[in-house]
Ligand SMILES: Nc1ncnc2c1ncn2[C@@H]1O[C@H](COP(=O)(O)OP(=O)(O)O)[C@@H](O)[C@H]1O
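One chain is shown next in structure tokens, namely the form predicted alone.
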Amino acid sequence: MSQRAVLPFEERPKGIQRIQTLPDPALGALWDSIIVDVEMKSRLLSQAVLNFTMRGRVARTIIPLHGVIMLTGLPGTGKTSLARGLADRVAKSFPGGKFRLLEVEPHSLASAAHGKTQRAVTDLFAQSIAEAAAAGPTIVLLDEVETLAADRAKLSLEANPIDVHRATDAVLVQLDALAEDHPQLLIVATSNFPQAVDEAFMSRCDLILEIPLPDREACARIVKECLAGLAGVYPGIGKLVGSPQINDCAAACVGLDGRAIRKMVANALASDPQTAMNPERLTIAALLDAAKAVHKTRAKKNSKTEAPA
């Protein structure tokens, strides 16, 4: 049974989307589901663990750790799932540590009212996050961090309200305060657009990892994993897992993100009414056609985006 404990919406502090206890088997499954280089996962976990073993013992004048990890990459590469799964793995590294995961909803902090965003950001970090960290080891997931820490050098005071600038200022001030006062806190930030994140925020990150698109081997693993999972419900699909043509499917998937590959399998299952009614009719040919269709759709979208005005 899952140990997940999620507070009702009305009991969560503003800006916090979810609070749950760790470890959590469902989050552990997310970690396993993201197919990236083993060494990358090891480096990520090691940095997170070091945060909780060293920051409270070594002065920041010696090693200036802020307790912030940044995951970047294209949409669909698994950054958020990897961050959630990391929280589970870190908690398992410290049995009995009573860890908690807080997931921030940055868009709820934005406000058209002058000065309100800055105040909301300050309250989030100085109160909600600080209080959680004071109560015990805490991991914070800060998705789409560019929403709160926009690059001030690229903002125009004419086009952007001063509140946006002040919100970034508030984030930086609060990160420094949290780093100083709460060594049992780790913030994992994600961004699809790292170029839009303020450089001062990036400089405070202890580790920045770019999650890449899956290579051919990773594509094959993702497709096989999908088919093996489906075979648990539709046994007839199991025969496709060992097909030598899986390599052709993997090659056809190169250039797609992990989420798109999994959705491609669903598209193949919906390739015709007969297969939709009986998924065990799924064929390698349908998978190949679905992969090609995804590439074609994306190529058409990109050509429209790049077309001159």
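Predicted, not measured: the structure shown is a model, and the values here were computed from it. Residues carry their position along the shown sequence, with the first being 1.
From this point on, the text means the form predicted in complex with this ligand, which you will not see here.
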Just to confirm, with a 4.5 Å cut-off on non-hydrogen atoms, which of 60, 43, 281, 259 contacts this ligand in the predicted bound form? 259
In the predicted bound form, the residue from 69, 34, 269, 252 that sits within 4.5 Å of this ligand by heavy atoms: 34
This ligand isn't shown here, but in the predicted bound form, which of 270 to 278, 236 to 244, 47 to 55, 26 to 34 has heavy atoms within 4.5 Å of it? 26 to 34
Would you please decide whether residue 75 lies within 4.5 angstroms of this ligand in the predicted bound form, comparing each non-hydrogen atom pair? yes
Should residue 81 be classed as touching this ligand in the predicted bound form when contacts are defined as heavy atoms within 4.5 Å? yes
Should residue 222 be counted as a contact of this ligand in the predicted bound form, where contact means heavy atoms within 4.5 Å? yes
